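Only one chain is shown below, in structure tokens, and it's the form predicted alone.
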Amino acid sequence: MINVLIVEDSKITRDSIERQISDLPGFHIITSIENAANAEIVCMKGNIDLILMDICTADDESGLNAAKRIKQHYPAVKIIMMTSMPEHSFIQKAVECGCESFWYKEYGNEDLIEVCRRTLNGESVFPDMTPVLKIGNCSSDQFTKRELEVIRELVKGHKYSEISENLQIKYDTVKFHVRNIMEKTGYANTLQLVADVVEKRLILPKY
């Protein structure tokens, strides 16, 4: 019997996942919760084999942080991260946390049940890339890794001098990256850029 913990703050999505898992022979849902901060407590109480973990959960608790803690104390538990957010860093962060697989609720064609089966068979199932979004005049996959780091710093409200210090690059290099970003997007200022990437959830600084 595969004991499953579901962590999902949307009741509609949680109910849907519960129905899918309940229909599978050999699977048993231990419980469903909406706050990732409580996931480790559930692992302490029972023999959890598989966790379906939303990234953005109730009270702004991060499923990624919860997954990292669980993997440190219960490495045998398999974790599938789930999200409807196109935040560009989520896949890499899930890998760094030690999660086995990753499933987009609203992007791609992967079936959750198939991801569960493959994960339990020892596979790591990850999307080939993050969702591509239109940001101004360009698409999100046209940004370099460093440009995305600079954009994240701008979203946090940091000045060029702070970005230089935080990313350990020269002040003029920050200006160079911002200029390139502005040219790609066609925006007149960084406020327009920040508003767009936050609205489209390319950058979610809380996670």
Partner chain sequence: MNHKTVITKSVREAIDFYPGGLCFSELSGIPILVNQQMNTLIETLTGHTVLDAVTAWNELQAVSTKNGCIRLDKPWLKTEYFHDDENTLVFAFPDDHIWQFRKQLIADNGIIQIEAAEITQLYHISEELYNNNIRLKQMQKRQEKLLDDIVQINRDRELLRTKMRIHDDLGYCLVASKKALTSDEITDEVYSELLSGWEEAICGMTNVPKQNRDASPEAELQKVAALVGCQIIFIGEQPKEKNALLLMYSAIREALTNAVRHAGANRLTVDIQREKQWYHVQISSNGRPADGEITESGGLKSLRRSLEAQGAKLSYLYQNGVVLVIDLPAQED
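Positions refer to the first chain, counted from 1. This is a predicted model, so every value here is computed, not measured.
The form predicted together with its partner chain exists for this protein as well; it is not shown, and the discussion that follows is about that form.
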Check: Are any of the heavy atoms in Gly26 no more than 4.5 Å from a heavy atom of its partner chain in the model of the complex?
Finding: no
Margin query: Taking any heavy atom pair closer than or equal to 4.5 Å as contact, tell me whether Met85 reaches its partner chain in the model of the complex.
Written below: yes
Check: Is Asp59 close to its partner chain in the model of the complex, meaning a heavy atom pair under 4.5 Å apart or at it?
Finding: yes
Margin query: Would you classify Val155 as touching its partner chain in the model of the complex, given a 4.5 Å non-hydrogen atom cut-off?
Written below: yes
Next item on the list: Given that the partner is absent here, state which listed stretch (123-131, 73-81, 110-118, 96-104) has heavy atoms within 4.5 Å of its partner chain in the model of the complex.
Entry: 73-81
Check: in the model of the complex, which of the listed residues (Met182, Ile169, Cys138, Met44) lies with a heavy atom within 4.5 Å of its partner chain?
Finding: Met44
